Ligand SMILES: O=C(O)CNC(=O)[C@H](CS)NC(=O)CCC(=O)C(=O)O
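We begin with a single chain expressed as structure tokens, specifically the form predicted on its own.
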């Protein structure tokens, strides 16, 4: 591995309504990531818990300094690796709501940053069921990026993927190099849109995209598409599990020279700035 690159891992799992079982799976995948030489391992949305019954997630929700998240902080510290924990059920401002929160923990076990999902999944899936995440989830307001050993990370969660302006801001206002998209896509929307949306976000921002995914059947009412991916700034898939719904990790290297090269050869940041100046000049006429 070249000196200007660093290894990452993206975990795929099938979370259930059992905190201990999910933590055991995460611990095993962290060990695999450490053995592979990764400095960061990314987990999917709802990594710690997926409810089988309505109301379970809200009842279980805890603050970030509660025992569930503190256990993952200990895992990061004991393993000496950064964790991206996508979509934690953080306690909301009242007993009827939670926040769908993406948490970044460093290799000393400290929470470095957190982002609450802005775009909530209120969708009637064609040929599937209706979802209304807003009925029990508070939307976030702040766009979040954070520095790490694998570059500057832009945080998002699942349904955010369909809103490209978020990723444009992460790249051009917050200087992200790596976009994290932990998800639990439905099988119908995943089959139709998952890979193409992820590759589009990578191409249009010239960032790496790490998309850790829930996969397979969680309970009799819920199933996730899977297909965990790592994509480079040119839009090439550089990490992928061989089985779309298996539990395991995909590994790839973040190559900082590739980020610089792609951005230099197709200078979209300059194009955006030139266009902005042009619009301002026209407005002044």
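Because the structure is predicted, anything quoted here is derived from the model rather than measured. Residue numbers count along the first chain shown, from 1.
From this point on, the text means the form predicted in complex with the named molecule, which you will not see here.
Check: If we take heavy atoms and a 4.5 Å cut-off, which stretch out of 126 to 134, 146 to 154, 108 to 116, 170 to 178 is in contact with the named molecule in the predicted bound form?
Finding: It is the stretch 126 to 134.
Check: If you check in the predicted bound form, is residue 82 within 4.5 Å of the named molecule, heavy atoms only?
Finding: No, residue 82 stays farther than 4.5 Å from the named molecule in the predicted bound form.
Checklist line | Non-hydrogen atom contact residue 162 with the named molecule in the predicted bound form at 4.5 angstroms | finding: Residue 162: contacts the named molecule in the predicted bound form.
Notebook entry, point to check: Does residue 240 reach the named molecule in the predicted bound form, with heavy atoms at most 4.5 Å apart?
Noted result: Outside the cut-off, so no.
Margin query: Does any part of residue 208 reach within 4.5 Å of the named molecule in the predicted bound form? Heavy atoms only, please.
Written below: Close contact is absent here: in the predicted bound form, residue 208 is far from the named molecule, nothing within 4.5 Å, heavy atoms only.
Note to self: Under a 4.5 angstroms heavy atom criterion, identify the one residue in 28, 39, 244, 222 near the named molecule in the predicted bound form.
What the structure shows: Contact check passes for 222.
Checklist line | Stretch 90 to 129 - residues with a heavy atom within 4.5 Å of the named molecule in the predicted bound form | finding: Contacts from 90 to 129: 100, 117, 121.
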